[in-house]
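In structure tokens, the next block holds one chain alone, the form predicted alone.
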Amino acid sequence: MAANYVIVGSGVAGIAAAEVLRARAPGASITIVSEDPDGYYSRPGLAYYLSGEIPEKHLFLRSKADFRALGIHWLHAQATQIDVAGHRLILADKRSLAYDKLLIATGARAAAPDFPGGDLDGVFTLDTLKDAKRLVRKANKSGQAVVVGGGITALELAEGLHACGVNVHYLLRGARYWANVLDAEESELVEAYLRGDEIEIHYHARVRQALGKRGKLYAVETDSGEIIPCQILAVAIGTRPHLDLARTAGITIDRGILTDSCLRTSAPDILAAGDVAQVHDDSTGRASLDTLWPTARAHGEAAANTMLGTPTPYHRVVAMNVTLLAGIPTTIIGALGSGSDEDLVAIARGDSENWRTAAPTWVVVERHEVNRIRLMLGDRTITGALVMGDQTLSRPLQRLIAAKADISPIRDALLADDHAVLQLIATFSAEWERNHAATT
């Protein structure tokens, strides 16, 4: 009989798994169970939809017709329980689905507001397309908003709401923006851009409570006692893996669903992938969470191969994320941060623990008015890099960091003259690529 595969979740991890399963098992039954009525779309793209930079239709990477053509059954339903012994997935409407192999790819959700009034009408998080649509509709009828959070998503919310014509107050718990990844000058570049857009930044500010009348938000009170009138409070204080399904099934969890390197959980024939999976790395002996789109895709592909009987380890690669920070193209590669900012337990839709586990190391910087490169140097390698503005060296640096290339020939020169970083890296990278090509 043909194998029966069930996938819970319609994010990139689940879709990548479904595509591999169909390619390698053309006769198998594949079912995707998703709570999201909008199905598969680019969640990183929601910020660009909010700002009006892309239309809704451009968020969808596959159409429903594409999935029908692949012979993938799509079921809009909520999965509530797993009968581990009986190999059945139980749905909220009491239906059940039999499976031979089950993949949990339920992703992560925005952390709930941690202050009184977090459930008022007017308080938003940004998880789904439905959230983004609600936020746009509310912004079109609102004059003022407060944004809370220290990472990429909070910044995108502030910029998106400003683009919708709303006056924005941005609350930072610390003295500057994203202090555990950016240095002081980089934070100032971002903050200056926001101030230029007349976004008001409040430093050392926390929400004491959201204030409402008849269930609707009308203001925010900060811990200093300041009252900020607003109709929107957008909260981006991190993400939390969606663990309920695994927890009720007795599957071993920590911060995420614990898996081995091949994405297998503690339960037979059940795997996990994407933002919900805390995957064991055989090379380090640790299990890590990552919420990067490329990582989720790689998880899904590895999990699918394992489901098909070819156990395939996920090999963790150097974290790399390309984003816009206040209009500045920015690439962050590898280990680049202190991990000391309590506001950044997790950075929604673009986090990797690599960014926040950097060991003390040498820092080399080349500054420009709008362009900037910062390198974190180990004894013989580059362990992390940040590139703001001109992105010419982003890919070369990613390859050097991923390959743990020996930069001993230029290390002293990098430390001696931080104004020569661009030329030194460009020349060294080109030579390293030539030598690498010659030996492979």
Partner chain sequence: MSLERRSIFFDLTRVEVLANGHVLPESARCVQCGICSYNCPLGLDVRAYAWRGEPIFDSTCLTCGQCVARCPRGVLTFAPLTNG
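Positions refer to the first chain, counted from 1. This structure is a prediction, so every number in the text was calculated from the model and none was measured.
The same protein also exists as the form predicted together with the partner chain; that form is not shown, yet it is the one meant from here on.
Interface residue remark: Ala403 is not counted as part of the site for the partner chain in the predicted complex, having no heavy atom within 4.5 Å. Contact check for Pro44: a non-hydrogen atom falls within 4.5 Å of the partner chain in the predicted complex. Ser34 falls outside the set of residues with a heavy atom inside 4.5 Å of the partner chain in the predicted complex. The closest non-hydrogen atom of Ala28 lies beyond 4.5 Å of the partner chain in the predicted complex. When you look in the predicted complex, the only residue of Thr265, Asn305, Gln278, Asn321 with a non-hydrogen atom within 4.5 Å of the partner chain is Asn321.
The listed set His169, His162, Arg297, His87 contains one residue whose heavy atoms approach the partner chain in the predicted complex to within 4.5 Å, identified as Arg297. With the partner chain omitted here, the record of contacts in the predicted complex names 322-330 of 113-121, 322-330, 143-151, 268-276, defined by a heavy atom within 4.5 Å. If you take 107-128 and check each residue for a heavy atom within 4.5 Å of the partner chain in the predicted complex, you get nothing at all.
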